[in-house]
Ligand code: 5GP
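Below you will find one chain, with nothing else, as structure tokens; this is the form predicted on its own, and questions on how it binds or moves follow later.
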Amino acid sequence: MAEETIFSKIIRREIPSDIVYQDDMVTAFRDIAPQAPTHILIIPNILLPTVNDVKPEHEQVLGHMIITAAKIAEQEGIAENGYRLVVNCNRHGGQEVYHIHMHLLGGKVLGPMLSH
């Protein structure tokens, strides 16, 4: 069984965070160290440590994360100009919290995906 993370406590509202959206499947909140004017994390309410742990039964919640990202982008006023969705996996992928999460980034031109 995967261990709980700080995100588990955010989902249960046990620690303060700027939650912008929550339903029975996902929770979305502003990143505490934003990398763009809009930087929101969208997480499933179930604990999935990494993309490597995803199974076919998680398809609905992962699809719901993307639908939620589009709704939030519209609400944040960044949908028309565009935004980036990023999911990191494990250490080399840049994952820091082992509860799968999608970064919604926008509000400016974001530039290239990776630097050399």
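None of the values given here were measured: they were computed from a predicted structure. One rule holds for the numbers: they count along the sequence shown, beginning at 1.
Below: the form predicted together with ligand 5GP, not depicted.
I6 belongs to the set of residues with a heavy atom inside 4.5 Å of ligand 5GP in the predicted bound form. Ligand 5GP is not drawn, but in the predicted bound form it has no heavy atom within 4.5 Å of K71. When contacts are judged by a 4.5 Å heavy atom cut-off, V97 counts as touching ligand 5GP in the predicted bound form.
For the chain shown alone, N88 is a contact residue for ligand 5GP in the predicted bound form, at least one non-hydrogen atom being within 4.5 angstroms. Only one of H58, H39, H64, R84 lies close to ligand 5GP in the predicted bound form, with a heavy atom inside 4.5 Å, and it is H39.
In the predicted bound form, ligand 5GP lies within 4.5 angstroms of at least one heavy atom of each of the following residues of 22-39: F29, R30, D31, I32, A33, H39, in sequence order.
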